[in-house]
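Here's a solo chain for you in C-alpha cells, the form predicted on its own.
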C-alpha cells in the first residue's frame, strides 16, 4: 500500500515563526501543534529541569488567560490538549473541532507573548512541587525507574548536554529563582525559535490570517544562544557495567548503545533491526528468550533518535524466576551480535516491513500525528517533507544495511549494561505488601 501524500504549505512570518498548514477536510477536526527548539540539552549545569518545568508553567495562565483556564477552554470547546518535553524540544498541542481553530491559536499566542505577566512566585513554587512529586513517583520511587537516566549518564560524558535527565535534579529545581525561570522563557520561547503546524479541516487563508493576527506582533529574540559542539565519537570506546540493588521483584538487564543521529539513514536501518529483534512474538529475542528457552519474562529493544551528536539504542530483558541472570544477558547479547554477523532472512525483513508499514499508515491517518510530525521534522531536520518519504526509506532498507549498522552499533566497546537485582529483603517486603 502506498502512503498518502501530505500536502502542506511552509512559510515564515516576519518575526521568524515558521508556519506549516496541511489542509484535509475528511473530518471536521483540526490539530494545532507548536514545537519550540528548546529541551533539556539547552540547560546549563546548576539549572537543569527548566525545560520540563516550563511545560507545567505554560498551563498556569498568561495575560488574558487565568490559571488552568487554557485547559478548561479547550475541553469546554470539545478539544484535547497536552504538552511534552524531551532532550531536543518542548511541544504543546490541541486537537479541536475545526470551528474552534481560532481559539487554539489565540491561546497558544497569548502564552507565547504574555506568559510572564502571570508568572509569580506562588505559581513557580506550586509547579516546582508538582515536578518534584512527578520525579519521585515516576523515577525515584518506582521499581527500575532510574534505568534511562543511568544509561544517559554512561552513554554521554558529563560535559555533553544529553548527560543529565530532562526532569532535572531536586537540587536544581529547589534553587530555581523566579528570575532564572523568566530568563529561560525570554530566551527560548520566541517565535523565531518555534514551528507552528496546523493539520486538518482548516481553510489555509483564514488560518494564516489568524496566525498573523495573534502571533505576528510577538517580538523575535535575535540572541538565542547557539548550542555549541555536541559531536561525539561513534562508540563509547569501552564497555560500561553497573549492578543496582533496588526494590524490584525480579532481576532485569538494560542494554544501551550509542547510535547514529536522527535523520541518518543508518538509524532507519537500526529501527528496522529493532523490529526484527523485538517486534512482537515473532521476533528473534522473544522467540529465543521468552518462548523457546523460557529464561526471560519479557524483552524489548528500540531506538530513540536525537540530533545532538548521537542517538540511543536500548533494550531490556526481565529474568524469569529461578534463572541465572548471566544466562539471560549472554543470550540477549548473542542475538544482537548475530545480527551483525549474518544477513537477516527475507521472511524476517518482510515481517519487519509489514509492522513498520502498518504503524506508519495508521499514524498518518490522525491529524494530530500529521501536525506533530511536520513540526518535528521542520524543527529537528529542517525537512518537513520527509513526512512523505519516511515510509519509503524504511521499506528500502536492505539486509546488508541492517547487518552493517548492527555490526557498527552492537559492539562490546559501545555497550552499557545495567543489571537490576532485588535488594536484600525487597522480595519479602513486596510479598507482605501484596498480602496486605
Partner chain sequence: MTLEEILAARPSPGQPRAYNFPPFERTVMPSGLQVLAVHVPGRPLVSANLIFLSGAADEPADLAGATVLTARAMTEGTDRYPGLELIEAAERLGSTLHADASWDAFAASVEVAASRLRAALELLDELVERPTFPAEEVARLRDERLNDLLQMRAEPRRRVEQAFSQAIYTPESPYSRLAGGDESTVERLTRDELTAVHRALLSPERAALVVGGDLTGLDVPRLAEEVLGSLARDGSGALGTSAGSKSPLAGRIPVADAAVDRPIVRLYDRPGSVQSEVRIGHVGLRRHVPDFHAVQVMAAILGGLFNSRLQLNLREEKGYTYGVGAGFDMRRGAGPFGVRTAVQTAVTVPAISEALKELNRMRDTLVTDAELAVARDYLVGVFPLRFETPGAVVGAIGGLFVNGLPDDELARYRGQVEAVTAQDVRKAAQDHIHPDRLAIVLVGDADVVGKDLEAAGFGELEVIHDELPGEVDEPGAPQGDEEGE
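Residue numbers count along the first chain shown, from 1. Since the structure is predicted, the reported quantities are computational estimates derived from the model, not experimental observations.
Form predicted together with its partner chain: not shown, discussed below.
In the predicted complex, residue 12 stays away from its partner chain, with no heavy atom inside 4.5 Å. Among heavy atoms of residue 362, some come within 4.5 Å of its partner chain in the predicted complex. By the criterion of a heavy atom within 4.5 Å, residue 308 is excluded from the residues contacting its partner chain in the predicted complex.
Although the partner is absent here, residue 250 lies within 4.5 Å of its partner chain in the predicted complex, judged by heavy atoms. Contact with its partner chain in the predicted complex, judged by any heavy atom within 4.5 Å, is made by just one of 75, 120, 231, 169: 75. 294 is the sole member of 294, 341, 241, 186 with a non-hydrogen atom lying within 4.5 angstroms of its partner chain in the predicted complex. From the list 380-388, 398-406, 364-372, 32-40, the contact stretch for its partner chain in the predicted complex under a 4.5 Å heavy atom rule is 364-372. Contact annotation for 37-70: residues with any non-hydrogen atom within 4.5 angstroms of its partner chain in the predicted complex are 56, 60, 63, 64, 65, 67, 68, 69, listed in sequence order.
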